[in-house]
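Single chain ahead, by itself, as structure tokens, in the form predicted on its own.
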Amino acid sequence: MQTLDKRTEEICAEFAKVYDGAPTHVAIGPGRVNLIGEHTDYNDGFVLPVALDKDVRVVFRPRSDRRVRLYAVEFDTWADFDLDNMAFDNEVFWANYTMGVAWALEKTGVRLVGLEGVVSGNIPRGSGLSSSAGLEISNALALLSAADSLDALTGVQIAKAAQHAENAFVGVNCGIMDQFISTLGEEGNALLIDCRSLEYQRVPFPAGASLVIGNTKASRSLASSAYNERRAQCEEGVAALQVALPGITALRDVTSAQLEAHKELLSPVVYRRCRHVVGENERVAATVQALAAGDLDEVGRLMNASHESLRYDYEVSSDALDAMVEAMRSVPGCLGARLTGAGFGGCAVALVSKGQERAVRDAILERYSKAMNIWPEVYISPASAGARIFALE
């Protein structure tokens, strides 16, 4: 039996309020921040995310039937459905993530049973730190555990099922990174993911550094339309480059030297989009090498270069994100900083020397708030553990 922390105890107390008796288990799905490798995932490229110490938790107990009942503390609403009769819920949107995961797990051949539980998360919603993946993965572990089928699927299969749920049931065209790192993250490590093959390797995160994440709290209203536009521009670039490079199927297959040699095939805008993706894949590889060598200054330089590429070549930054990154970089202990996520708002991440986290936080609170007239949120996190489940009795 796991010793409960205060937060799990509070969620168990909520369980006691809405059900008779006590829960049997807690399932935890963490959020994530991407250290480097932005807008590379849908180009079959490489990403290097880290699991955060913020997560979504489900305390639950199995039922003997096929009914699922979950109460969400932060939303004060219920997901209540039958596993034999699942349909998109237009009223309680978060419930679709739970239903979608159940639907996707059963498509793998796992026969689920019902459960009842309480859901609570402390991943800031709408911040680009993947509260949706935390919800999906914690729900997946809960559903598999209730059915006594935790060993039926590998971590990769669970992540793929959760992504399929979000794509095909919820209707959000996300990549695999968020579910992958939430499922397979490991304390003290980043995770290098090949988004084409789904091969992965854990990359030790340096003990001498921390991550400081600044939430701009700015609107991300342009993110969805810009994402679709950038994706189409990348596909246009691949189609044009195939004239000279017939073996390529994605920008992942193109080197910077090849792109420069054939840039005349591309419009100026599409060329810049491709230059970001191709260069970003190379920066991910260089970051892994720098981490292995313990060269934190080089990791920081690569993060800075990533932000400039996202700002000028991919054009997905914003005044708020640029102000956040500038505030982070104003402190000598900040080794590098960049926007993380789709862009146009959400969060930036800084690599910070141990002991300098509070100085960076204070600079964000002072400089960013003055520049944007918005009060930000700041999170300090180590490289944390991935999804896990514990018995409560």
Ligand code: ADP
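Numbers for residues come from their place in the sequence shown, where the first is 1. Just so we're clear, the structure is a prediction, and the values are computed from it rather than from any experiment.
One more form of this protein exists, namely the form predicted together with the ligand; it is left out here, but the text below deals with it.
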Might S306 be said to contact the ligand in the predicted bound form, defining contact as any heavy atom within 4.5 Å?
no
Taking any heavy atom pair closer than or equal to 4.5 Å as contact, tell me whether L191 reaches the ligand in the predicted bound form.
no
Can you tell me whether S131 touches the ligand? I mean in the predicted bound form, with a 4.5 angstroms heavy atom cut-off.
yes
Any of the heavy atoms of S120 lying within 4.5 Å of the ligand in the predicted bound form?
yes
Pick from E186, E106, E315, E74: which residue has any heavy atom within 4.5 angstroms of the ligand in the predicted bound form?
E74
What is the one choice in G155, P204, G126, G279 with a heavy atom within 4.5 Å of the ligand in the predicted bound form?
G126
The stretch from 262-270, 205-213, 156-164, 89-97 that lies within 4.5 Å of the ligand in the predicted bound form, judged by heavy atoms, is 89-97
